[in-house]
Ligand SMILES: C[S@@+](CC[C@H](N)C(=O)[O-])C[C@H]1O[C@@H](n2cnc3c(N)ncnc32)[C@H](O)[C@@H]1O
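The chain below stands alone and is given as C-alpha cells, in the form predicted alone.
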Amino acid sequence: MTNLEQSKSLLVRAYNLKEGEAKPLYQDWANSYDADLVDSLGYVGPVHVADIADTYCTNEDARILDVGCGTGLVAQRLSQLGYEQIDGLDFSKEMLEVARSKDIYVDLINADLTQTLSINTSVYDLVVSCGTFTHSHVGPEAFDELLRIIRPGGIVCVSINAEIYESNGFYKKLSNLECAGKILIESKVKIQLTVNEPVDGFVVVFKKL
C-alpha cells in the first residue's frame, strides 16, 4: 500500500466512525497524522481557516481557542501570522501531546466538545476549527457551547464538510441562530480541504451578537 492509499484508508475510517471508535483511531493516528494528512493528502484546510480567521480578527493579542485542535495545524499557521494567545481543545490526549511538542499553545484542554466545557463564559475573542465538523464527528449542536465561551462581538471561524453541511443540520442551525439574533454570519466560502483527494468544505465565519 502506498502512503497515499494508506492515508486515504485512514480518512475513510475517520469518516465512518461508530460509537466508541474515535479515541482509538486518533490514538493510533496521532504520530503519523501530519504526514498522512498534510504530506500525503495535501491537507490545506487548516491554513485556509487560519488565513480567513486572520482577515476578521483585528487584534494579534486576541485570545483564541482552537477547537478540535488535533496536532495543531491551524494554530501553526496562526502562530506564523503573529498570534500568541492560543489555547487548544481536543478529546484525544495523544493528539494533544503532539500539539504540545510544537510549543505554540498557551494551554491545552482535554475535553469533549459534545459536552458542556469547563471553560468560563465569554472568555475568547476568536474560536477556530478545522476538521471537527465532518462525517461521524461533531454536529451543529456544539455551536451553542462555542457561543457561550466567546465574548460578544467575538468571531467563530470553522470548516464544515460540504457533503454534510445541509444533511447534518449545519445550515439549519446557523440560520436559526441568525434569525434569533444570536449571530451574524459574516461569510461562507467553499474551499478544497485536501488537494490530493477531492474533499470540499465550507469555511463559515460568524460573529456573536
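Note that residue numbering begins at 1 and tracks the sequence as displayed. These figures come from a predicted structure and were not determined experimentally.
Below, we turn to the form predicted together with the ligand, even though it does not appear here.
A.B. asks: I need to confirm a contact call. Of Ile104, Leu108, Ile119, Leu113, which residue comes within 4.5 Å of the ligand in the predicted complex, counting heavy atoms only?
C.D. replies: Only one option qualifies, and that one is Leu113.
A.B. asks: Even though the partner isn't displayed, in the predicted complex is Val138 close enough to the ligand, meaning a heavy atom within 4.5 Å?
C.D. replies: Answer yes; at least one heavy atom of Val138 falls within 4.5 Å of the ligand in the predicted complex.
A.B. asks: So in the predicted complex, does any heavy atom of Tyr43 sit within 4.5 Å of the ligand?
C.D. replies: Looking in the predicted complex, residue contacts with the ligand include Tyr43, since a heavy atom lies within 4.5 Å.
A.B. asks: Quick check on Gly70: any heavy atom within 4.5 Å of the ligand in the predicted complex?
C.D. replies: Looking in the predicted complex, residue contacts with the ligand include Gly70, since a heavy atom lies within 4.5 Å.
A.B. asks: Is Tyr33 part of the interface with the ligand in the predicted complex - any heavy atom within 4.5 Å?
C.D. replies: Close contact exists here: in the predicted complex, Tyr33 approaches the ligand to within 4.5 Å, heavy atoms only.
A.B. asks: Could you run down 87 to 105 and flag each residue that has a heavy atom within 4.5 Å of the ligand in the predicted complex?
C.D. replies: Sequence-ordered list: Leu89, Asp90, Phe91, Ser92, Met95.
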